[in-house]
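Below you will find one chain, with nothing else, as structure tokens; this is the form predicted on its own, and questions on how it binds or moves follow later.
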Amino acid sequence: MSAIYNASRRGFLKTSALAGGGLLIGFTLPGASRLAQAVSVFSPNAYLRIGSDNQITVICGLSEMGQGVHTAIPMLVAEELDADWSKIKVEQAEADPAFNNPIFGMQATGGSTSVRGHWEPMRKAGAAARAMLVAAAAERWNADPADCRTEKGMVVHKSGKKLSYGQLAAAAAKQPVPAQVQLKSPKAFRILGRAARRLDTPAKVNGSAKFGLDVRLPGMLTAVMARPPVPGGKLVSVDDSKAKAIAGVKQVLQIPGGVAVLAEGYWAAKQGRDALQIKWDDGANAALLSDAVSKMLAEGAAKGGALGRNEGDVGAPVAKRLEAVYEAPFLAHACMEPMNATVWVKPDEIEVWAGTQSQGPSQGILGEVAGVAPGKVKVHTMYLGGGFGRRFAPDFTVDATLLSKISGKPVQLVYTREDDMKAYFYRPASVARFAGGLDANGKAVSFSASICSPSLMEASGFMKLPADGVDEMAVEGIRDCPYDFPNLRVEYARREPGVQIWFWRSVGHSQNLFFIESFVDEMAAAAGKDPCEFRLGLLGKQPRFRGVLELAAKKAGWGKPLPAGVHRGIAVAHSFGSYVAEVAEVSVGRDGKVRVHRVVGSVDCGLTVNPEIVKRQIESAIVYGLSAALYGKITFKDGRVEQSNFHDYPVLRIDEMPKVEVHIVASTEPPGGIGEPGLPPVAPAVANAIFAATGKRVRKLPIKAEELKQA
């Protein structure tokens, strides 16, 4: 999801206490705004625990979904603490306003905000704890703290005397918290910026890691639901006699989301759900059709709408004018672990076990559902089998809460793969209409864009369109276009096809960078210029854009010969505080089949925490983005979603995986995000390579082989 809030990063350590013979540090993580209905109290804290056994534990309030926060956050603390990395472990925090994300102002994970938001507060926490340990050692030695230093979990006096952090923990807890701390210069980093073992890997390898589907409680019932097959549909009637006749089925319950079968185990619940005889009222979307959605969005883009940016005069005469219309479809998240949640509604509290990206909002939302205060909602965050924004949504936790409340039992609600695919939380479909102008020398002098899509801000439930009427997520990546066009205009037209939309990995950038980077490539071709050089000529005021573009081109061998039939395409993007350029090497068979052989990426994400995590996240984003570019689409016919599983919503297979190279730009800038920025450039890089190979432009995703067939 997109980072839409800004926050000051003032403040750090505020309390210390002795607990169990160790040093317990709490430090503030200031926030800016929140979901009013979600969190009632804001006293953001996170915690560092140092035991007398020298074990150092960082309690992380962020959700680990493969992106590496259970390693990156402890690295931030360990660096300034001068800890021994082999003594570091991480624990998942419960839901508590103390662990609010500083950028969101609520406990939630998304928008590639984790390191960006915690970069300074977590380091300050480690530095302050280190200062307290030094003070405790100096006091014991009756020495000047200035004569002490720290290294790998030890305080060392200039005389050579040493004490471990564990030996000093109890005494350090009695020291006053320093009002100010001095953070290290990046040149002095010993842990940050270097590869470190991931702390969550052993548990995932040996099977001890617990995901949402692994939860088991005494007396727990498993629920599988039948939901309206058409968005906005309603239940008319249900005959549950056949479902109740299935062994293991205990209850059939109706809730606003549909009809649930509760049983002793998943298979009985699924069989029961499949045996239900239901009559639905399909409502206003009964005739929903993808072609009609495309037409609606295209007409909206043609008409234009709210003004997002206007510089110069895009209507001024030009030597050459070109126009194009681009389109991207609805997309499912297709997480490997389908949505699930286990909830136990007790008389005076709720316990929730879920792989969720939104613990803080869940406390308020589920508390309201069950009729208890947010503080009485205990959310146990499990490992997430993929998130991509989908697990920020509340649907699965809300329904599980209702089912537990009504049944009086702990309930594990499980979405089948088909349920998950048809759950309507999709990336928005979008259409962009472009016009560009070139002067007689082939220089780009004008650019205009009109984007039409439903409003993700309004769909979120906790944001509203701003006064200018422009959904910032619908236009991101285009309204903030970095190219130096003297005349530039961007408009947004809102249209609502009637489908629930949601945050999808890299949000608006995921489709908008395909749109704009493909069209800029069209402008380069019309100008008769090399696509990379054309971009560089428009990025004179953007050194970080130029840096990643030049590095990717160099590492890919841009301009050098390729094997017969293989061609290159290039694209560059800025999102979530980071800059990424990618070069794709592609061939197109006579049957139109596209093969991506190699992707070379360069990334400037500012100061890095763990370069191996950076590389893996770019690789992950490339795989995810290629799946969407080559295959991804959710379509509607007669109001119903046509896709149901991976046979008709394919993802990239192992034999299709290109060779991927990732190069990191050395930078002293503040950290940017990394979970999402690698995705936006891959689709346009591939599409631009297809043009180089065939002379045909891909203006609608996913890429269709039949449109690229050779005669």
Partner chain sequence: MISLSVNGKNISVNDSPDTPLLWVLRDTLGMTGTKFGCGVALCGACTVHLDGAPVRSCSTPVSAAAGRKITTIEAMAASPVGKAVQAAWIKHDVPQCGYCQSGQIMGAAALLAKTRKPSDTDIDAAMSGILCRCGTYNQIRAAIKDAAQSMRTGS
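Positions refer to the first chain, counted from 1. If you're wondering where the values come from, they're calculated on a predicted model, not measured in any experiment.
Below, we refer to the form predicted together with the partner chain, which is not included among the displayed structures.
Would T201, K204 and Q617 all count as contacting the partner chain in the predicted bound form, using a 4.5 Å heavy atom cut-off?
Yes, each of T201, K204 and Q617 comes within 4.5 Å of the partner chain in the predicted bound form.
Out of 462-470, 191-199, 153-161, 511-519, where are the residues with a heavy atom within 4.5 Å of the partner chain in the predicted bound form?
Comparing against the partner chain in the predicted bound form, the contact stretch is 191-199.
Contact test in the predicted bound form: P658 vs the partner chain, heavy atoms, 4.5 Å:
Yes - in the predicted bound form, heavy atoms of P658 and the partner chain come within 4.5 Å of each other.
Report yes if any heavy atom of S290 sits within 4.5 Å of a heavy atom of the partner chain in the predicted bound form; otherwise report no.
Outside the cut-off, so no.
Report yes if any heavy atom of K210 sits within 4.5 Å of a heavy atom of the partner chain in the predicted bound form; otherwise report no.
Yes, K210 lies within 4.5 Å of the partner chain in the predicted bound form.
Partner proximity in the predicted bound form: I664 to the partner chain, non-hydrogen atom cutoff 4.5 Å
No, no contact at 4.5 Å.
Ok, G537, G385, P394, P229: which has a heavy atom sitting within 4.5 Å of the partner chain in the predicted bound form?
That would be G385.
Which one of R417, K593, K174, K554 is close to the partner chain in the predicted bound form, taking close to mean a heavy atom within 4.5 Å?
That would be R417.
For the stretch 428-459, which residues lie within 4.5 Å of the partner chain in the predicted bound form by non-hydrogen atom distance?
Going through 428-459 in order - heavy atoms within 4.5 Å of the partner chain in the predicted bound form - there are no hits.
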